[in-house]
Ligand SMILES: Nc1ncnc2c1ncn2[C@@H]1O[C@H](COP(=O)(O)OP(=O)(O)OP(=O)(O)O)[C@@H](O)[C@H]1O
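We begin with a single chain expressed as C-alpha cells, specifically the form predicted alone.
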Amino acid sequence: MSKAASTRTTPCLVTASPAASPAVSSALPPADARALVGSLAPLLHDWLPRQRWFAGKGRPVTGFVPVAATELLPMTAGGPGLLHLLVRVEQRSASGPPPAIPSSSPSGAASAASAAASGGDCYQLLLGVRKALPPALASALIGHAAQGPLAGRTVYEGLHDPRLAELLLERLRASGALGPLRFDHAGTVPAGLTGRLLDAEQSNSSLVYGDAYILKILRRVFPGPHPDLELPLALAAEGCDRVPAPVAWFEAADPSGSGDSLTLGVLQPYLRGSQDGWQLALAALARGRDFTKEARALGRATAEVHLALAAALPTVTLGRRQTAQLAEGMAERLEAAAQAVPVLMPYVPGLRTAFDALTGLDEAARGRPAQRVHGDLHLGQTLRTPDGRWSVIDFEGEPARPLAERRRPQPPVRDVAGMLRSFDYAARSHEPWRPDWAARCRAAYCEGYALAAGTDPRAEPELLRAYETDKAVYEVLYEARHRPDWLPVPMAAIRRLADGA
C-alpha cells in the first residue's frame, strides 16, 4: 500500500471512482475503521440487538470497537459497496452481570474470562452501502448514515443483495488473502450461482447458491478452531458421508496476535429436496402418523457419525475424578440457571439427584470413553433426503458455551440426550400433547443407535438422565432469554426429571 493510501482518513467506499472494481478492494487502516464504525454506531445501536443471532439481548449496548474492516467491493457511482466488519460490541448490565452458563472445565472458564476482559463479543457484519436502496431490498434496510464518512449513504444487510452474495461466492472460489481475511477451498466452486438468504430462525446466517451450495456465515466469532469447520473436515477425511464435506471457507487472523484464526464462514453442498427432522416430525404429528422408522434410522446415522469422529480425532477416558467434575459442572449450571430463571428454584433439589447419581457411578474407578461430539444435536440439526437418508449438520455446539468447552471430548450419550429432548419438544409442540409418540420415537432412536454402535445408550440410565437433565436446564435458560412462550416445553421435562423419571 502506498504512503498516500496508508494515511488517508476517508474509506475508499465513499471516494471510489466509477471505474472501481473488486480488484481494488482492501483492508481499511485503523483510523479509517474507527471513523467508519463511528459513522455506523447510531444505526447498529438500534439494529443489532434486534437480530436473531445477537447473543447480548437484555443488556444495553454501550459502544462498538472495530476489530477489522475490509472493503470487499468499493462503492461506485452506479452500484453498491460491500463492507466486511468485525466489531466488538461493548455491553453492560443495568442490574449486575448477565446470567451465564458456567463452564465445567478450566479452559472453558478461562475462555469466558478472556471474553469478558476483552470488553464484549465480536460479531461479523456484511454491510451493503448504496446511495438509495431499491424497493426489492427495502426489508434489508439498516438505516441512513447521518455523520462521518458514510454520511448520506444508505446501509443495509448485504446478504439480502444477490449481487453482493454472488461477490462473496466469487471470493470463495480461489484461495488467497484480502487484508485480514483468508479464503481457502477443498474443491471446485462454479461461478455465477445466484445466492438467496435463508429466512429460517437460527443463531447465524445462511446463503443458498443455486440449490447447489450453502454458505453458513458465523455471526458471533471466537479465536481458535471452530467445530463447524473442524469436525466436518475431519469426518470428510475419514470418509463419513453423513455430513456434507466443506468445499470452501474463510477465516480471519486473531487481531490479538494469539496465532489462532477466527472462522467466519463455511461453504458446503446443499442437499436439495431435503427436509429437516423437526419439520418432518411435526408433519408426522399433524397427520397422526408414526415416526419410529425415521427415528430408528436417525439413531443409526448418529452412531455412524460418532464412530467416525472417534476414529478421526483423539479420544480420552474419563476416570472417577473427571466424572465427578462433569457432575459438578452440571450442578453449577443448574444453580446459575435457577438464579436467572426463578421458576426453576422449586425443582433444584430433585434435579440435583441426577448429578449426584452420576458422581456415584464411578466409585469403582471404572473409566468411561469420551470423544468429540456434535454438542447440540436435535431434530433441527438433521436433514433427510427424499430417498430417506439422514445427514447431520451444524456442528457449532451450544453457542452460549465457551468455544474451548464445545471442543472438549464428551461421552457420546450427550448427543443422544439432546435428540431425546428434541422428540419431547416435538410432541409438546403438538396439541394435544403426545407423550406416547415421543416415548416410541425415543426408544426407536436408541435401538437404531445400538444397532450401529454396538452399545445401547440406555444401558447407563444414570448417565443418560444426567445429560437429559443438563440439557433441559440449558433449554429453560435459553427459552427464558429468547422465546419465553416456549418456556413451558422444557419446564414439563424439568418436572418429570426432578421426580427421577
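Note that the structure is predicted; figures quoted are calculated from it, not measured. Start at 1 and count along the sequence shown; that's the residue number.
What comes next is about the form predicted in complex with the ligand, which does not appear here.
Peer 1: I need the one stretch from 292 to 300, 375 to 383, 322 to 330, 343 to 351 whose residues put non-hydrogen atoms within 4.5 angstroms of the ligand in the predicted complex.
Peer 2: Answer to the contact question: 375 to 383.
Peer 1: Looking at P269, G210, P180, P409, which is the one with a non-hydrogen atom within 4.5 Å of the ligand in the predicted complex?
Peer 2: For this set of options, the contacting one is P269.
Peer 1: Can you work out which of I393, A248, L262, L150 has a heavy atom no more than 4.5 Å from the ligand in the predicted complex?
Peer 2: Flagged contact: I393.
Peer 1: Would the ligand in the predicted complex be within 4.5 angstroms of a non-hydrogen atom of every residue among A310, T317 and G418?
Peer 2: Judged in the predicted complex, none of A310, T317 and G418 sits within 4.5 Å of the ligand.
Peer 1: Is K216 one of the residues lying within 4.5 Å of the ligand in the predicted complex, judged by heavy atom distances?
Peer 2: Yes, contact at 4.5 Å.
Peer 1: Any of the heavy atoms of S422 lying within 4.5 Å of the ligand in the predicted complex?
Peer 2: S422: no contact with the ligand in the predicted complex.
Peer 1: So in the predicted complex, is the ligand close enough to Q124 to count as touching (4.5 Å, heavy atoms)?
Peer 2: Result no; Q124 lies far from the ligand in the predicted complex.
Peer 1: With the cut-off set at 4.5 Å between non-hydrogen atoms, does L198 touch the ligand in the predicted complex?
Peer 2: It does: once the ligand is placed as it appears in the predicted complex, L198 has a heavy atom within 4.5 Å of it.
Peer 1: Which residues within 226 to 244 place at least one heavy atom within 4.5 Å of the ligand in the predicted complex?
Peer 2: Counting only heavy atoms within 4.5 Å of the ligand in the predicted complex, the single contacting residue of 226 to 244 is P244.
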